[in-house]
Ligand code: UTP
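Quick heads-up: it's one chain on its own, the form predicted on its own, in structure tokens.
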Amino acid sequence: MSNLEIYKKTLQILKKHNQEQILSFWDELNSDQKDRLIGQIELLDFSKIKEWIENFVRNTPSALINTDFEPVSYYKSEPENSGLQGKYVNALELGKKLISQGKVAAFVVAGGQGTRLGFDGPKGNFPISPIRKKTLFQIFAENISATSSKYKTTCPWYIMTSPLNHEQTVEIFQSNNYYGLEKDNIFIFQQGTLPNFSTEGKILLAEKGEIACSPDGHGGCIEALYKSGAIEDMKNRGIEYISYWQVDNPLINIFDPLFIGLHALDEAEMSSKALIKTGPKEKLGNFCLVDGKVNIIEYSDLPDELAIKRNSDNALVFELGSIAIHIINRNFLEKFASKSVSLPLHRAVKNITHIDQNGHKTESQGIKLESFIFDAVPLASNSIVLETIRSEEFAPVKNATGVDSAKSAHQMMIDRAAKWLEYSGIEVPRKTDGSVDCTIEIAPSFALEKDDLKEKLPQIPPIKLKGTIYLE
């Protein structure tokens, strides 16, 4: 088929869907650019796009949800009574067994750039550890390596990138020799994208021969796991459980045997870790029970009267905040592969750089669409929530300064190391205000958790903390 025939056929399709502006600059494109643009157009699902424009672009979906819900019951970080104590012991042993049997995989969503941190490159390559300045990727890799050694198994690692940083991420792993892990046990793949729209419902162009697209959100990981072959790889390895987290948390306990064990004991399909929120408006998703199902409702969607509601003991009624840490059954994802269920889309109004009708690059408000992994939680037949301690497992690196910044995460890493040492009987120098008066970094190879540290210390020379100390 000639270029002219292809153009006419494609234009006819686009006119039918009121999107003919995509071909506005056809005559200015070379042959390769035309081929790429046609390829992008062929991937567009116009039946869905019509629905998206109607529901998310021209009309703003109601952010209000059915507020007839209640707080969820959850497992405390420590058992509340003797009955539960036995269950925690059994769960811990089961979790350790599942890890040692190679049934648990690590899965990080790492599609973001370090732009908000003032860092040029994938966020996973941001240096964060207090002394050695290890990157987030290196910390995770060392954690996975140490877990594999501790449990005498192989823990595979799945990493989802985006078109924004995929090639850079692959290059980073190659240049760092996969951080000492076997290349065959690391599976790096891209998430999908969705087109960007003008506020009038027109698909925007990033260049004269390229549709403007954005990553489809962390909820896009489900489809990407299948399309990439990652799920098939998991099946071949005998993986039954997926430990999910986001790339900006250096304190993540990737393979938590208690969490894995409780999830398996209760025959859950997708489970979550939670924190007690610092206040009613902390920017974390809220755990709520809706029609008997665990839901995670965004902080911006929780009505003020519910956000501030308190119990008789003055604790928030909706006190649990989501930190994007989940255990997901591999076979749970089969429901999505069969297309019998899908995640809802969310609308975001953003400034989008695009080509205007005159062929000039400009920036104006438009609509981006994405899905969120937490919307899969209520689709699970059963879901548990386990409380974790903020200082032990949540130090997000999101902002250049202030709350949830590199500086705050850096300090939390030092503080956790100090607490582990004190738990093990080591005196840690502190200032008059109680803050740690030295810089400490503990490599995952030395200790994955505080009990590892306590067991190891009698085997090494006495430690005198002063100035800077790195334990490996």
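Note that the structure is predicted; figures quoted are calculated from it, not measured. Sequential numbering from 1, following the sequence displayed.
One more form of this protein, predicted in complex with the ligand, exists but is not displayed; see below.
* **Contact check for Leu262, Gly321 and Thr388 against the ligand in the predicted complex, heavy atom at 4.5 Å** => No: none of Leu262, Gly321 and Thr388 comes within 4.5 Å of the ligand in the predicted complex.
* Asked: Looking at the partner-bound form in the predicted complex, is Asp248 within 4.5 Å of the ligand by any heavy atom?
  -> It does: once the ligand is placed as it appears in the predicted complex, Asp248 has a heavy atom within 4.5 Å of it.
* **Touches the ligand in the predicted complex: Thr115 (any heavy atom, 4.5 Å)** => Contact with the ligand, yes.
* Using the partner position in the predicted complex, report whether Pro215 sits within 4.5 Å of the ligand, counting heavy atoms only. => Pro215: yes, in contact with the ligand in the predicted complex.
* To do: Find out whether any non-hydrogen atom of Lys123 is located within 4.5 angstroms of the ligand in the predicted complex, and reply yes or no.
  => Contact with the ligand, yes.
* Asked: Which of 271-279, 107-115, 81-89, 166-174 has heavy atoms within 4.5 Å of the ligand in the predicted complex?
  -> Result of the contact check: 107-115.
* Between the options Ser243, Asn286, Ser383, Gln191, which residue brings a heavy atom to within 4.5 Å of the ligand in the predicted complex? -> By the 4.5 Å criterion, the partner-contacting residue is Gln191.
* Ok, Glu142, Glu370, Glu223, Asp233: which has a heavy atom sitting within 4.5 Å of the ligand in the predicted complex? -> Comparing distances to the ligand in the predicted complex, the residue within 4.5 Å is Glu370.
* Can you tell me which bits of 314-331 touch the ligand in the predicted complex, meaning any heavy atom within 4.5 Å? => If the 4.5 Å heavy-atom criterion is applied to the ligand in the predicted complex, 314-331 yields nothing.
* To do: Might you say whether the CA atoms of Gln113 and Asn176 end up closer or farther apart in the predicted complex than in this form? Their distance differs by 3 Å or more.
  => Note: Cα gap between Gln113 and Asn176 widens in the predicted complex.
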